[in-house]
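Heads up, the chain below is alone and in the form predicted on its own; it's given as structure tokens.
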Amino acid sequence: MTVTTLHRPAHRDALASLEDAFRRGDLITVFGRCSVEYDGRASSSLGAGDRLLLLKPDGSALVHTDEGRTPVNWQPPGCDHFASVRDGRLRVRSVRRSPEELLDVRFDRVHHLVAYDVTDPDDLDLRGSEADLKEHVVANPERIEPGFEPLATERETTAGPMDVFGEDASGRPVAVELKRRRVGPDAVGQLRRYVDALEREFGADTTIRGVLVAPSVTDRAASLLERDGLDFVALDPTTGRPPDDSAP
């Protein structure tokens, strides 16, 4: 497992590390002097104090003090995490879209920041990998959509190799990007680059489709998919079926 550690980083260094960790989907801990604001179903404020902020890849966020096992503030899975530097403070926000909730943590000082790559290949179980998901899609292409035909895996483009390349029932080229867990805007951007590369390759007269396959996506990713005219298919990497499908 890869671990990135910063001890008493400057705010800009902490920001760069957080943005990289968000893109990778890391598990993140930030310990430092901070204030906390929550606005949503109710409103609450915590003045300056030393606290631990835990940001999970599934979108949940928890703020802990040195007492008790329950976080003093938290956000559920499915939120989007953002970071910025404003007025000399490191600001970390956890945003829930529906219902609208905001957890806003502002650090005067960061004592310690750690990002854990919890999906390091050396530590992965052999089941439920992106390779497994690829095998499911190639063996059962109808799970992408009826009439989909996979033509190649790891097909090279100017944007790099795409996971699966195929055609839909109408013969239109389709780029398929596979992810083994919940993903955010970065995965949409990656798929968009493959679609753009295929559009340059096939020419303006050919309609290129893009399909993102993952167990789930964040609200921000869903908005970007809709904006760019890309599709999303929810599949569990272990079973190759929709996450709520219990069929054998």
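Values in this document were obtained by computation on a predicted structure and should not be read as measured data. Start at 1 with the first residue shown and count on from there.
The following text describes the form predicted in complex with the DNA, which does not appear among the structures shown.
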Item to complete: Spell out, yes or no, whether the shortest heavy atom distance between Gln190 and the DNA in the predicted bound form is within 4.5 Å.
Response: yes
Worksheet entry | Contact label in the predicted bound form: Gly68 to the DNA, heavy atom within 4.5 Å | yes
Discussion item. I'd like to know whether Thr153 contacts the DNA in the predicted bound form, with contact meaning heavy atoms within 4.5 angstroms.
Written reply: no
Worksheet item: Is there a heavy atom of Ser98 no more than 4.5 Å from a heavy atom of the DNA in the predicted bound form?
Response: yes
Response to the item:
Residue within 4.5 Å of the DNA in the predicted bound form by heavy atom, from Gly32, Pro215, Pro57, Pro185, is Pro185
Fill in: Which of 157-165, 109-117, 140-148, 81-89 sits within 4.5 Å of the DNA in the predicted bound form, heavy atom basis
157-165
Worksheet item: Listed by sequence position, which residues of 62-78 have a non-hydrogen atom within 4.5 angstroms of the DNA in the predicted bound form?
Response: Gly68, Arg69, Thr70, Asn73, Trp74, Gln75, Pro76, Pro77
